[in-house]
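Here's a solo chain for you in structure tokens, the form predicted on its own.
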């Protein structure tokens, strides 16, 4: 009988196989992408950002409404409506105590005409296909009932097919305004961060590379700029350029680069003492070449992480300015102006404020998750 030891044989091992590295060769960018894909939160953040960009860029072409289209008959209608079945038709009670006809699919087909007012009964009588329907508004109770018997018609909830997220105080479609508002907020953030990258990298790189008195003077300028509130910048710029999108972009571009400049300066100060900089000087490289081709590329990891973190900050600042009423001009929409418009109807229509506020939170979470993932993926010390 064959023993167990006879089934095992020693494999041949050569010096070449011992020296071979059994791993796939990757470039630095491919290695960063590989490690980024291993972080679920970073992947989720990236997917959310792509979805919001698709929502903002492609969404307006898929809806029949614009951000400025108004319908005073369809004011403050929620996404889920409570409708009453009166037999011949279904009706919904608006916040202005009017009745709107709703078909079985959830589409709004128009207001019912008023027949008469019965103030002593706290009723308004409407005509629904030749049938008189009473809207009772007494004792803070709003129901649709039969005038003669007082019986309340059966009610149910149905999704608003025409306005999936409802309408605001001027009858504008919230979904359409949310698409345009997300587009404006993302555009403001990306443009301001691009300006910050250019100014912050050059300013911080020059300050850290030259050092000495030049560095001290340049950093004191940064300190002075950072101590002045951003709101004051916006107000001063709006006095010159007027209220609008360009004023917000200019204000963010003039202020937000100070954080990027500090990060780049710190990286350049630590990198310029390395051996590769001394080697570049030895072969006769100019200061411009050392700064642009050696120091800044080696600091690109911290630069990208800082830029990723500045984007949600810029989005929040734009929303904050719009919420204060010093953002875009009406009827232009942004996430901040939508929150500002919803303040007046917070008690009766809270969804008008919750929806854009939720989008702001999701965008900020997405960029923060992506920034954390990029920080870990770009740090070689965290490589496993």
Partner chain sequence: MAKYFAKRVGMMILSMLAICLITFSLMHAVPGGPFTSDRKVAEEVEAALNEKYGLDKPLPVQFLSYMKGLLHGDFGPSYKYTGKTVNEFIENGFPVSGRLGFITIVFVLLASIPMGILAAVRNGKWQDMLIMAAATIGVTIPSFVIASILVYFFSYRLGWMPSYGLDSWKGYILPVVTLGGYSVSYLARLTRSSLLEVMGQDYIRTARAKGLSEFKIITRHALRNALLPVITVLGPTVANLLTGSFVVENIFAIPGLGKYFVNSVSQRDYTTIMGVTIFYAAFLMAMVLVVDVFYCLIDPRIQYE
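Heads up, when I say rigid core I mean the largest set of C-alphas that superpose within 1.5 Å between the two forms. Numbering follows the first chain given and starts at 1. Nothing here was measured: the structure is a model prediction, and the numbers come from that model.
Unshown form predicted together with the partner chain; subsequent notes refer to it.
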query: Residue stretch of 65 to 73, 51 to 59, 319 to 327, 37 to 45 approaching the partner chain in the predicted bound form, non-hydrogen atom distance within 4.5 Å; finding: 319 to 327
query: All of 228, 232 and 357 with a heavy atom within 4.5 Å of the partner chain in the predicted bound form; finding: yes
query: is_contact(residue 224, the partner chain) in the predicted bound form, heavy atom dist at most 4.5 Å; finding: yes
query: Distance check, residue 237 to the partner chain in the predicted bound form, heavy atom within 4.5 Å; finding: yes
query: Distance check, residue 339 to the partner chain in the predicted bound form, heavy atom within 4.5 Å; finding: yes
query: The partner chain contact at residue 332 in the predicted bound form, heavy atom, 4.5 Å; finding: no
query: In the predicted bound form, the residue from 220, 119, 281, 288 that sits within 4.5 Å of the partner chain by heavy atoms; finding: 220
query: Residues in 329 to 358 close to the partner chain in the predicted bound form, defined by a heavy atom within 4.5 Å, in order; finding: 339, 343, 346, 347, 350, 353, 354, 357
query: CA of residue 103, rigid core aligned, shift of 2 Å or more between this form and the one not shown; finding: no
query: Cα displacement of residue 223 between this form and the one not shown reaching 2 Å, rigid core superposed; finding: yes
